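Just the one chain here, the form predicted alone, laid out as structure tokens.
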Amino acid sequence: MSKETLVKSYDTLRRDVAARDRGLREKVMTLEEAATLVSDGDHVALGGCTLSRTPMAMIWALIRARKQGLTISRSITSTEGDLVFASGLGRKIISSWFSQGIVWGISKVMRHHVEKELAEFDEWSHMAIGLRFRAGAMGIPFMPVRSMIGSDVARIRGDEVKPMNCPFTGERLMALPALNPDVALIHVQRADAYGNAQLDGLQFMDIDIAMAANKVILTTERIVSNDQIRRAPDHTRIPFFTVEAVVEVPYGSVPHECYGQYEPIFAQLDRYAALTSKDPVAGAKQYLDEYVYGPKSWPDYLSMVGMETLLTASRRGRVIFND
């Protein structure tokens, strides 16, 4: 399997930036319309981290649209990575950790696909992933770091990382290649119709991902007016000029959490773990058939999760935020 670093030249990055439509225009569309902005084979970065603010609704829409061959990058990967591999949506995931969660253990779906050489898991240190996105956001081809020097992670990455000497001090450093995704999928608590997005809680790597990507698809718990965004400009973390689409998707991270909105839907995560622990192939397929391909729409999927379940998750999530 290839070890493509996905590094783009400065001239290419400049051309991509110059080609962007920076006009202040409304970008509201449906999940299905937003899915057409992703092409087979694209490098797609996911915002959030582990079970937090995962853009699950957008991933759900891409799987239903039968997209294929994506390269996925994310800080820490959870069940969404399983669904990417099991559905054929992607065949390569770049991340620092890949598991459903500490409670459920290492992903058996990931192990099946990687050990059978059906897919790739490119493991980096957590700091390395963040600094690769930071380099991409800065428009530079690599980031000099001390992270991973002497580690087995660096050894496994091989020629994807480059030992170097600092030109000023002579110190030994490691050069990490930048990450510049074709598309970033980021879920936020609120955004206006133009794509100005505000985040509550931990920001993770989302700001760098948005600036590094060629275009951003925002899913948001709710669309608010631009006047409301302007009343708290210091909360706006992702600017409109990086964004190509805004999709209002209440509960857009379910079964994962969205800080201040709802906690994870543990009953569904437990059910998924039970299915895949018995048989990672058949279990993942059953889950996809039932919860991804089966529903007619995202609201239909939420109805399968259950109104009482969602309201309980919302109550618990908002109590933490309000306290």
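Since this is a predicted model, take the numbers as computed values, not measurements. All residue numbers refer to positions in the sequence shown, first residue = 1.
Missing here is the form predicted together with another copy of the chain; even so, the following discussion is about that form.
Might residue 248 be said to contact another copy of the chain in the predicted bound form, defining contact as any heavy atom within 4.5 Å?
No - in the predicted bound form, heavy atoms of residue 248 and another copy of the chain never come within 4.5 Å of each other.
Given that another copy of the chain is not shown alongside this chain, does residue 231 nevertheless sit within 4.5 Å of it in the predicted bound form, heavy atom to heavy atom?
Residue 231: yes, in contact with another copy of the chain in the predicted bound form.
So in the predicted bound form, does residue 94 come within 4.5 Å of another copy of the chain, heavy atom to heavy atom?
So residue 94 does not count as contacting another copy of the chain.
Report whether the minimum heavy atom distance between residue 88 and another copy of the chain in the predicted bound form is within 4.5 Å.
It does not: once another copy of the chain is placed as it appears in the predicted bound form, residue 88 has no heavy atom within 4.5 Å of it.
So another copy of the chain isn't shown here. In the predicted bound form, which residue out of 176, 109, 191, 217 has a non-hydrogen atom within 4.5 Å of it?
None of the other options qualify; the answer is 176.
Looking at 131, 183, 72, 83, which has any heavy atom no more than 4.5 Å from another copy of the chain in the predicted bound form?
Partner contact (heavy atom, 4.5 Å) among the options: 131.
Are there residues in 156-188 with a heavy atom within 4.5 Å of another copy of the chain in the predicted bound form, and which are they, in order?
Residues within 4.5 Å: 159, 160, 161, 162, 164, 166, 167, 168, 169, 171, 173, 175, 176, 177.
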